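Quick setup: one chain, the form predicted on its own, written in structure tokens, and binding and motion questions come after.
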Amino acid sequence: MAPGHRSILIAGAGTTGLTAALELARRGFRPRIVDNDTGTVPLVESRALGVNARTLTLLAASRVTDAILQEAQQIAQFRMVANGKPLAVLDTTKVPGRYSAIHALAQGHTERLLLGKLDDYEVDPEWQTVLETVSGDLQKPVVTLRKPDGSVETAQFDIVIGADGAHSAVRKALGIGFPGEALESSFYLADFRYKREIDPHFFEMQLFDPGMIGRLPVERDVLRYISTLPDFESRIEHPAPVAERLWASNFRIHFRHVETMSKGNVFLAGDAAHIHSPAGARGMNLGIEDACWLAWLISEGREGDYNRLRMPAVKTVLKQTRQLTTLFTMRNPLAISIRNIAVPVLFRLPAVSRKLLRGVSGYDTPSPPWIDGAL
């Protein structure tokens, strides 16, 4: 069977699943993609925000990058403030390559841009379609799908990709473990729209020792605040009069990754394979990276190498996000004092700044070999 004629099912039409479908479609495949939701993430629930340089490099061939850059806000600085005093500043534009380290764009917008490009290949997600089981010989997996009208379809596929989130039905069907731990403390977030435009070109972390509030741009008149403090909204210093509070939520941070990212011809990508802190804005980007690597490997007939090639990148990112989260959430007074003395010194060291920028850019994972000149 010619590679392009292999039957491929993608479970999950978030950023990871849509990227996998798009990358496969532009390589001549016609994947089928299903999702149990009614559509893309609501725009008001901005969720993942950061789009890093690695993602922009990966999505350039499909022209999604051009569309992202038209809508996204460039993040030019990362600022850290402790008890009202500047602690460190990192210029996120000073990275090698075509793109600056990171841009901000709400996940719902990113999904819609991916969906628009996927439509060019006449591949449309089947919404409200639930993957219930994966069974049989995993070299030729059999999948049971429940459709919106309640009818059940059973079909066999050459390849199944589980991009169906942290509670992945594909992962559970395979019996793949998802070990890890959750932080004890909860995190809180809220998005505010202002009555006039604000400066959207920096990300700031305010440390209150203990506790923190992070300020992230969503749009030119919308900011997100994320905090470990339940009363954080009363501590926010708003840059302009508030027009409305758009969205609020709370969550606990987990650090988990699967024991293996594949079994037979069934593969896991994105949150189905790994979840971690939002520190460093790596979650959505790592899932997009998984999808691009898997699509390329399938097109090369090398999908058996997927776990070996992706697992080191997953472990690198989980280690980095854990370190950053620890830095921001310290409670021990002595550790906090040491951090506040050490951080300004470390940020001024070129080697440390370069390492931080590589992480924020997504350049600390292996370069995609199918892209000439990729970092």
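Note that residue numbering follows the sequence shown and begins at 1. Here the structure is a predicted model, which is why all the values come from computation and not from measurement.
The following text describes the form predicted in complex with a small molecule, which does not appear among the structures shown.
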Leu268, heavy atom within 4.5 angstroms of the small molecule in the predicted complex: no
Gly165: touches the small molecule in the predicted complex, heavy atom cutoff 4.5 angstroms: yes
Exercise: Thr129 in contact with the small molecule in the predicted complex, heavy atom 4.5 Å: yes
Ala169, heavy atom within 4.5 angstroms of the small molecule in the predicted complex: yes
Stretch in contact in the predicted complex with the small molecule, which is absent here, among 31 to 39, 328 to 336, 304 to 312, 57 to 65 (heavy atoms within 4.5 Å): 31 to 39
Heavy atom within 4.5 Å of the small molecule in the predicted complex - the one residue of Ile298, Met284, Val160, Met261 that qualifies: Met284
The unique member of Ala82, Ile226, Val123, Ile176 whose heavy atoms fall within 4.5 Å of the small molecule in the predicted complex: Ile226
Heavy atom of each of Ala53, Gly108 and Thr110 within 4.5 Å of the small molecule in the predicted complex: no
